[in-house]
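Let's start with one chain on its own, the form predicted on its own, as structure tokens.
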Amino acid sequence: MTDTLYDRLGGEAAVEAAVDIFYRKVLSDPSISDFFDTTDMDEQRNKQKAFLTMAFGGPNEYIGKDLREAHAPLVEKGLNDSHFDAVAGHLDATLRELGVADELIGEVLAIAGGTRDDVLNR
């Protein structure tokens, strides 16, 4: 049986480290940080960790909203492709900072890119 992407990335510890670094990058980016002004970031980090764990083939403990519903208020505030690209760039930079192999980064970014239309409600 082949290991899941979740396992190949390093499991829970890797996802936790990545999410924490990722949000530090996102929150220090003035082009997207305003979208998080009223967000409980501890709750957001926990939801993101659960979502990514599920998306990467790990245990499914995600109980949050679907992507369209979760991002609809942000789309109303102007969330668009440039913001999505900035977030994806921070995800890429985070994985590189953690020394993740290019092949795995490609898999992660393909999964993230596959969510674009749902996140942007198209």
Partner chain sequence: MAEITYKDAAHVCEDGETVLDALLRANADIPYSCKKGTCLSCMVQMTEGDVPQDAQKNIRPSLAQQGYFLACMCRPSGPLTIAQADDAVIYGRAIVTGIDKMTPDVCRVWLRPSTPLYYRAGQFVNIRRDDGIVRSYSLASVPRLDRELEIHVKRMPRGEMSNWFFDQVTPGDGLDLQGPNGDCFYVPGTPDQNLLLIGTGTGLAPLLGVVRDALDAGHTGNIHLYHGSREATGIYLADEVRALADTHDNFHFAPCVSGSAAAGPFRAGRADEAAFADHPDLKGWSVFICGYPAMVNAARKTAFMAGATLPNIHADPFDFRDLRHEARDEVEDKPDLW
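Numbering follows the first chain given and starts at 1. These figures come from a predicted structure and were not determined experimentally.
There is also a form predicted in complex with the partner chain; it is not shown, and the following applies to it.
Quick check on this chain: which one of 69, 81, 42, 76 has a heavy atom within 4.5 Å of the partner chain in the predicted complex? If I apply the 4.5 Å criterion carefully, the residue I get is 42.
Residue-level question: is residue 37 within 4.5 Å of the partner chain in the predicted complex, judged on heavy atoms? Residue 37: contacts the partner chain in the predicted complex.
Please check if residue 27 has a heavy atom lying within 4.5 Å of any heavy atom of the partner chain in the predicted complex. Contact check for residue 27: yes, within 4.5 Å of the partner chain in the predicted complex.
Using a 4.5 Å heavy atom cut-off, state whether residue 12 contacts the partner chain in the predicted complex. Judged by the heavy-atom cut-off of 4.5 Å, residue 12 is well away from the partner chain in the predicted complex.
Hey, in the predicted complex, is residue 107 touching the partner chain, heavy atoms inside 4.5 Å? Result no; residue 107 lies far from the partner chain in the predicted complex.
At 4.5 Å, heavy atom to heavy atom, what parts of 7-27 sit next to the partner chain in the predicted complex? List them in sequence order, or say none. The stretch 7-27, when checked against the partner chain in the predicted complex, contributes 16, 20, 23, 24, 27 at the 4.5 Å heavy-atom cut-off.
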